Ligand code: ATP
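Only one chain is given next, in structure tokens, and it is the form predicted alone.
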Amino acid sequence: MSEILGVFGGTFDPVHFGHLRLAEEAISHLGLSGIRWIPAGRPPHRGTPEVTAEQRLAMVLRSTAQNTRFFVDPAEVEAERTSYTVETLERLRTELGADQALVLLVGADAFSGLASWHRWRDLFALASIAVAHRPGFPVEAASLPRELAFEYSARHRPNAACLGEAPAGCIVSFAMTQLAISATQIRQLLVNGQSARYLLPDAVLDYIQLHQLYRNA
């Protein structure tokens, strides 16, 4: 089996230390060779972000530039159409081959809504899924919607060894350091003219200030 590549998609509106810490700890917990960050061009599960996709991409590039195991994929932004995870994974399969082990990184809240994603069952043929959760609050099948709980019970493995045994198909979970940071919180601080320093990298905050982002309610 080849090295294991993490795939981390999101709106990143803006990218912050919670995102960066999840990616960093995923490498450690899951034995990943690296992580491909994929900012969404037009996210299907939320309204149009206040800032442009190109600006969100620029912030992700600035926040990840110093980590040699982080790679930024601009394809969804450049496509200028709705970003669906399943189609992104199909593109990566075409690019990287059927034998490349791929691991889709998601938070526990996002995972609980997986059954609402476009062609969500097809995800398991394209990648494994790693769910980051709060310490002491593991993902449990009983808390998931019925269809997703069935897939979770069938595919969940107790450790990350399965990620290197097949290119796709299993579900693992890992506890990550709890950082009470959200993009919504950061946007609200900036709208109100308050400081968001130490919630996101200085390079991102400098970019936000330079371009006067997140000033309108």
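Owing to the predicted nature of the structure, the values given are computational and were not obtained by experimental measurement. Each form is matched to the other, and the largest set of C-alpha atoms that superpose within 1.5 Å is called the rigid core. All residue numbers are counted from 1 along the displayed sequence.
The following text describes the form predicted in complex with this ligand, which does not appear among the structures shown.
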property: Stretch from 65-73, 146-154, 174-182, 24-32 whose residues place a heavy atom within 4.5 Å of this ligand in the model of the complex; result: 174-182
property: Sole residue of Ala110, Ala115, Val86, Ala125 within 4.5 Å of this ligand in the model of the complex, by heavy atom; result: Ala110
property: 4.5 Å heavy atom contact, Arg134 and this ligand in the model of the complex; result: yes
property: Contact flag, Phe8 vs this ligand in the model of the complex, heavy atom cut 4.5 Å; result: yes
property: Any non-hydrogen atom of Gly18 within 4.5 angstroms of this ligand in the model of the complex; result: yes
property: Phe12: touches this ligand in the model of the complex, heavy atom cutoff 4.5 angstroms; result: yes
property: Per-residue C-alpha change between this form and the one not shown, Arg119, threshold 2 Å, rigid core fit; result: no
property: Large Cα shift (2 Å or above) at Gly97 between this form and the one not shown, core-fitted; result: no
property: Inter-Cα distance between Val86 and Phe137 in the model of the complex, nearer or further [3 Å or more]; result: closer
property: Pair Gly136/His29, Cα separation in the model of the complex versus the displayed form, closer or farther by 3 angstroms or more; result: farther
